[in-house]
Ligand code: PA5
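Encoded as structure tokens, the following chain is the form predicted alone, with no partner shown.
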Amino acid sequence: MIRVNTKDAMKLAGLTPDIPAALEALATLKAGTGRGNDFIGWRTLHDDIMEDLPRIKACAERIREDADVFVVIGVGGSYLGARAALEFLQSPTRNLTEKGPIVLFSGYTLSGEEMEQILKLSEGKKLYLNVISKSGTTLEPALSFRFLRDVIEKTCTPEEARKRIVCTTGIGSGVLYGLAREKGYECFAVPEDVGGRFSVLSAVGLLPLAVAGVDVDALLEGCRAQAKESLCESADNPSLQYAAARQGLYDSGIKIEMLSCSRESHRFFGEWWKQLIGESQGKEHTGIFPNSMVLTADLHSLGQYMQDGERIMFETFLRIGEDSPLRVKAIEGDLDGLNYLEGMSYADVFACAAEGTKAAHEAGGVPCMEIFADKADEEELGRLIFFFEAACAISGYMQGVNPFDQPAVNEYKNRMFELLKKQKGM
């Protein structure tokens, strides 16, 4: 169950959250009468996907049984959700310890060195691809697909190549869909009414996660349960409380939010959250700027600024329960002076570190909120995903923008393609 604490932040900032305005924003979202209402399919995605889920799971099992290396090709929402969920549940080192294929991500950068590394890791291995793109023409994933498809086509028969490439794309139109039809690749849909940053619980995220061995049924069940709470028109709604507090802090002049995650495996969840907030609220020269860090590692790089820098941000602690069997043991001589921790778990030690960090930052004038989840499993992650999606949508409507478009994203793409064509003399 997701719980929030906004009271400490509101008290420090001397604010009262505007719950009536948040309720109005939520009512607009539920009624589908706000801006961007053609992209609110994420609200029921956990139910809508059930018709296609058996085929997603069957495809994933086929890949899981046969592949040595599975590369997910995508950029932005086409890969961030899956990577965030995978690392959240299985850690950044899962490929060293888990059964099944090595899961790699490509197509989110323009680095030749990274592509060379993936090509080298794939040498002599059974390589499978899941290319995710609504159109098939986005530069970064399209380039990656060129290189990796070439490897498969040069080392496999056409029939084998057909089995090893799976497309998640816009159904009925687009370059990638046309290629999939021509070559006979299995295809899954990028939902037309769901933006990329909200798409992790569609085939976009569920297929890669199922290949990695994630319990996607539990993930969807957590999302389904949280939807009842986060779409409830009540002042007790945790997504609504979080959204109202964020907007109050923003209106008071605090423009940056730092999401402080509780362990390294949550770092990419922070990256997913940054896209969710940044693309949804950075509109019309307004919006909270999202940033993230991991405790306690990043306190050794950002701690000084958080404690004593300019007072331009508020902090949201993402607190995830942990039950590790590891306990501190006493050592002879107590050379490091830590024998007093004997019997404590890592979770016990971290809880004190997190509480101390919050108290210190509040003493330094930083408003601090907390979001609590019981544990890092599939059901709770499903809850967290929907919690943040709903809060983001409510925040956007409170801010007065369309939280579901990203009109400025294409500006860099247009300029980039102009320069590329100019360089080639076109």
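What you see is a predicted model; the values in this text were computed from it and never measured. Quick note: we count residues from 1 along the sequence shown, nothing fancier.
The following text describes the form predicted in complex with the named molecule, which does not appear among the structures shown.
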query	finding
In the predicted bound form, Gln90 touching the named molecule (heavy atom, 4.5 Å)	no
Distance check, Ser262 to the named molecule in the predicted bound form, heavy atom within 4.5 Å	no
Partner proximity in the predicted bound form: Gln117 to the named molecule, non-hydrogen atom cutoff 4.5 Å	no
Contact of Lys134 with the named molecule in the predicted bound form (heavy atom, 4.5 Å)	yes
One stretch from 223-231, 308-316, 196-204, 292-300 that, in the predicted bound form, holds residues within 4.5 Å of the named molecule by heavy atom	196-204
Selected contact from Ile254, Val75, Leu104, Val151, since only one has a non-hydrogen atom within 4.5 angstroms of the named molecule in the predicted bound form	Val75
Sequence-ordered list of residues in 257-295 near the named molecule in the predicted bound form, where near means a heavy atom within 4.5 Å	Gln275, Glu279
